[in-house]
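Okay, so here's just one chain, in structure tokens, the form predicted alone.
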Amino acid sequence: MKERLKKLYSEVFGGGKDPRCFFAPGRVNLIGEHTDYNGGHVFPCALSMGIYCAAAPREDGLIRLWSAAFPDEGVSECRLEELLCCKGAEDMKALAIGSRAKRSGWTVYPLGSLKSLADAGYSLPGGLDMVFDADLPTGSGLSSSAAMEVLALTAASALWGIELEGPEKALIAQAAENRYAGVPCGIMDQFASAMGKKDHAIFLDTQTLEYELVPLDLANSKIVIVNSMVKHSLASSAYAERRRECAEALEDIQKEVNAASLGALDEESFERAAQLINDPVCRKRARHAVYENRRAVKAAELLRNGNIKGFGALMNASHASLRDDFEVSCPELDLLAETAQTLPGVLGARMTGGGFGGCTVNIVELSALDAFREAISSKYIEAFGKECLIYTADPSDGAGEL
């Protein structure tokens, strides 16, 4: 990949510089979905799939970006002073797709990250030339946007001599997505991309940012990701609506119960407080947030003890809750997860990511992989008349230089 990146850089920007090469992984969340903005726990791992870039600094304040995913769009350009004038998502969108230069909408993620770096008090000493490539599918729920944000910060900080620790990098990247992409995401995606460790998952308390790297010893099993090929957008009104419903439920509870977040409640305390939530829909959303958080806590403990089967059972319960209480699944994801749960050698299966499309994550015994692929593929084509994509994945290190 390093040679490919340098070749692409030379083809796009010429051969006068020797760029440095960087990688940031996507992530799959094993369990703990829609808990991160509710003050709960998540349990993701970084993936061996991600986004790559070759980059070199410029002294003239010009930022030039090119992506192998959008080769026909050419080089997107903006000047540093234009970037620093952006106040929010509308400004960033106008800059990214403005008519004054050839720019593409995907650039809101790297440009937003650079602006967020400046917002955090760091000096941006010049411009950058950056070429991007990826083996991570966009719109699949594997956090390509977070990987892009973390990657831009990793490359820029290295090239500009800025010391940026992993947790701070994740927070700056999250701020970029919140403020400049207009997506009210929690910290999980950026944290996993920045802080991943090979053969480990990250047990993260999103309220305190305390985390533990838990060995992900799947014995004779493998993480298998199935891409429904249904694209979703986390900026959709449905995502914001779920956040609003959770916040409303918490406000009702807080009228009589001292709880800083839904993640502060366990199952028993929630059931005692549930009648305080006036809207039955908000009550369902809160039930998912509380029970899913506890599933994440239990899952980490099970994996510490090597109980893969118990972990898989929690994954199955997670999908049911996301489907029925949080209502962020869709027919394609339901078919993939529910079919997988019936197959021999599948320990657990659930949708992963924001929902309304994207992927399922499955724990499949190695001896059952071929049968799993055949059964899932044929069932999906039969039901929807199109193919799904199936990947095996390994837990990866977080972002860094190649």
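Everything numeric here is computed off the predicted structure, so don't read it as measured data. So that there is no doubt, residue numbering starts at 1 and follows the sequence shown.
Same protein, other form: the form predicted together with alpha-D-galactopyranose (GLA), not shown, and the subject of what follows.
For the three residues Leu8, Glu73 and Phe132, which mark the spot I'm curious about, does each lie within 4.5 Å of alpha-D-galactopyranose (GLA) in the predicted bound form through at least one heavy atom? Verified in the predicted bound form; spot residues all out of contact, no.
Within 4.5 Å of alpha-D-galactopyranose (GLA) in the predicted bound form, counting heavy atoms only, one of 36-44, 55-63, 357-365, 371-379 shows up; tell me which. Selected stretch: 36-44.
Can any non-hydrogen atom of Ile223 be found within 4.5 angstroms of alpha-D-galactopyranose (GLA) in the predicted bound form? Result no; Ile223 lies far from alpha-D-galactopyranose (GLA) in the predicted bound form.
Considering non-hydrogen atoms and a 4.5 Å limit, does alpha-D-galactopyranose (GLA) approach Ala192 in the predicted bound form? It does not: once alpha-D-galactopyranose (GLA) is placed as it appears in the predicted bound form, Ala192 has no heavy atom within 4.5 Å of it.
Contact test in the predicted bound form: Gly186 vs alpha-D-galactopyranose (GLA), heavy atoms, 4.5 Å: Flag for Gly186 set to yes.
4.5 Å heavy atom contact, Phe203 and alpha-D-galactopyranose (GLA) in the predicted bound form: No, Phe203 stays farther than 4.5 Å from alpha-D-galactopyranose (GLA) in the predicted bound form.
Just one of Phe270, Trp106, Phe311, Tyr239 has a heavy atom within 4.5 Å of alpha-D-galactopyranose (GLA) in the predicted bound form. Which one? The option sitting close enough to the partner is Tyr239.
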